[in-house]
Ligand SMILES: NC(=O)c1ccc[n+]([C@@H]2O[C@H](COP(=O)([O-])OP(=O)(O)OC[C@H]3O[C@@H](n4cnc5c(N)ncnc54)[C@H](O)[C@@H]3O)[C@@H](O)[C@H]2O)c1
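Take a look at this single chain in structure tokens; it is the form predicted on its own.
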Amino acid sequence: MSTPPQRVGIVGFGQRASLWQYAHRPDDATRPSAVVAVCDPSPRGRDRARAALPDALLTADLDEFLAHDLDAVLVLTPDFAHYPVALRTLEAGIATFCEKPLGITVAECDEMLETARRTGTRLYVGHNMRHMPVIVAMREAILAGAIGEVKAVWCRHFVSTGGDYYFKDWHAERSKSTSLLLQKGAHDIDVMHWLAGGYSTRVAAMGDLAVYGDIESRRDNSDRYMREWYSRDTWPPTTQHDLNPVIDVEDISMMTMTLDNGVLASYQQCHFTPDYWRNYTVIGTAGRLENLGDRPGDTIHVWNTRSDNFGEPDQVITIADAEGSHGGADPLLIAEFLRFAREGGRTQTSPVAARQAVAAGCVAADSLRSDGGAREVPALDPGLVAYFENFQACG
């Protein structure tokens, strides 16, 4: 007898809706799954879903959606809408995938974790960078002892198309994103925590709206999707046009972190650079490693021999190629979520880690917008930590 497909629903068929293709595998011989329902308040979103999934239920009514006998839900709404939707799906007892960041405030994250524990509903957070080949390779090298005990992690994030990605829609508004240290940086903060093996307890930050705030060309882009305005040809950044009517987030920012295991970390983010990539440097007691590029075929260099000059690395790791978006991370992410929704167990991503990334980003935004001084990151209830570290199983 064949296994019936896992019934999957999607809330929000917008920017991240392409994940449907990894969740809709009805003909998979061992673990079939099918997207059987889509909820989106926008007629345009439902039209897109109809073209991709003509047999699925399409509705603007979340109650109708939740009543459709679902096994798992992907919450792919804009960040500011994760919280109310995820609370509803968790309360309904449906395994929930929440796109990063988990929420836009610490309180939202903590309530989602508490709701998941109280209802016993499985919660999964879409930190896909934990599946990206560059990050996996760096973590494996660290765990293998290539640089000794980690003492420092630095990340520089260059975002050449930041104007198109983050300053033409809701991302540009504090009320909907808190800050780009949170909205964009949640991935990087989580990765730095993961590579360092700890969480931030104290952070400080500085930043500015240095470029995009001075551009006068503004437009309400709510009638368009990002692919309709995105262009790599707009250069220099001062020639940008049709920016969001409200822009009150920073386009350049930097934060420093002290982790609970003594590791020191630093994160820099700029949205008007000519290039687009992340550079991670990890320094240990016996060496350091650094990625030179973050795409397949790029390399990670490891130095662990004494040298007075920037010499040849002792080891070069080539970043592997993989099929699927985000360097092959997205199909692995969705496969892990669907397995977790069915069976439970260990996952590469962590709701606690997702909350800690949001908390660090929120506190950094507060520091940045005031005196730039160091601030304590609010601790998470130890009972919640224990529950999620036990892979959401009681006892």
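Residue numbers here begin at 1 and follow the sequence given. No experiment lies behind these values; they were computed from the predicted model shown.
Quick note: we don't show the form predicted together with the named molecule, though the next part is all about it.
Partner contact region in the predicted complex: 179-187, out of 179-187, 149-157, 288-296, 243-251, criterion any non-hydrogen atom within 4.5 Å of the named molecule. The listed set T89, Q269, S200, N128 contains one residue whose heavy atoms approach the named molecule in the predicted complex to within 4.5 Å, identified as N128. Residue-level contacts in the predicted complex: of W194, Y212, W303, W170, one residue has a heavy atom within 4.5 Å of the named molecule, and it is W170.
Put simply, A322 is far from the named molecule in the predicted complex: not one heavy atom of it is within 4.5 Å. Though the partner is left out of this view, D79 does reach within 4.5 Å of the named molecule in the predicted complex, counting heavy atoms only. A residue is said to contact a partner when one of its heavy atoms sits within 4.5 Å of a partner heavy atom; G14 meets this definition for the named molecule in the predicted complex.
For the chain shown alone, C39 is a contact residue for the named molecule in the predicted complex, at least one non-hydrogen atom being within 4.5 angstroms. Taking the partner from elsewhere, every residue among G45, Y225 and H326 has a non-hydrogen atom within 4.5 angstroms of the named molecule in the predicted complex. In the predicted complex, the residues of 96-122 lying within 4.5 Å of the named molecule by at least one heavy atom are, in order, E99, K100, P101.
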